[in-house]
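Take a look at this single chain, the form predicted alone, given in structure tokens.
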């Protein structure tokens, strides 16, 4: 089969759906249609993207025979997503779910358990793993060019105003669950299973429309010995922002360092001494989103395992859970205690 045989249906046509649709158009993928509860938004998106099906009844979209993959971009709340997963799972539709799968580990586990019980593939759209620049970094991380990696730092800072948004930022968890999850999934992909986590976080009360944390610093120790610091500060008013999707990434090894962001990379090595500027094509928006879906479809078509499966993604969601527990109790938290509390057996 070809990629065109895998018709895509989007459930949720809010702002990020525009990026999804642009990405799929660029990649030549087949979009069957979309569903949304907001009639005016539905009308505008149908007109903008020339959707052949645009409905307020998401069950109708799921039931359409041409839809084989559901792209779930509806808000990341269990009460919204779980019924979709159950209904779609009974109809054997493949599921791609926008990150975070859920901000709470127990809720995410329930969604994953449901998909597995119904026997349907579930991939989480952790698009950071598919950013062209970050993919270009990976060979230098894996091939010994910088020696043995021992430290990674990711920093994202900017002032983000979500006061006009109906639900984004309105949960008691925000920047660590909704933004740092990009980075948690990325360092999990690069460095494997984490062991302990320590976090500090807070909220600038002048940031209107935000209920939860708007800055956090999270330190992660991985089983392989790598340590990572993930900084997300969306209350930064200064003149030197590092906004999403231009967050800075540094990976240090004992023989070099990889530095860069989603648009530029430099690899400095000591043996032999060199400065390398890897070339790549594409940016985070929208190319990483196209890479996610094409990877998922190709793996489904070929019967191969795919990255960022629902089960594997629980490792990244557990970092969210561990970070909030650490900040609340002022201590280092282990992966084991987080998993056991959620009833997850490795």
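Positions refer to the first chain, counted from 1. As the structure is a prediction and not an experimental result, all values here were calculated from the model.
Absent from the display: the form predicted in complex with a small molecule. The rest refers to it.
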Item checked: Of 30, 68, 295, 41, the one that lies within 4.5 Å of the small molecule in the predicted bound form (heavy atoms) -> 41
Next item on the list: Answer yes or no: in the predicted bound form, does the small molecule come within 4.5 Å of a heavy atom in every one of 16, 74 and 167?
Entry: yes
Next item on the list: Report yes if any heavy atom of residue 36 sits within 4.5 Å of a heavy atom of the small molecule in the predicted bound form; otherwise report no.
Entry: yes
Checklist line | Heavy atom of residue 322 within 4.5 Å of the small molecule in the predicted bound form | finding: no
Check: Are any of the heavy atoms in residue 127 no more than 4.5 Å from a heavy atom of the small molecule in the predicted bound form?
Finding: yes
Note to self: Can you tell me whether residue 244 touches the small molecule? I mean in the predicted bound form, with a 4.5 angstroms heavy atom cut-off.
What the structure shows: yes
Next item on the list: Name the stretch, out of 131-139, 250-258, 78-86, 270-278, where some heavy atom lies within 4.5 Å of the small molecule in the predicted bound form.
Entry: 78-86
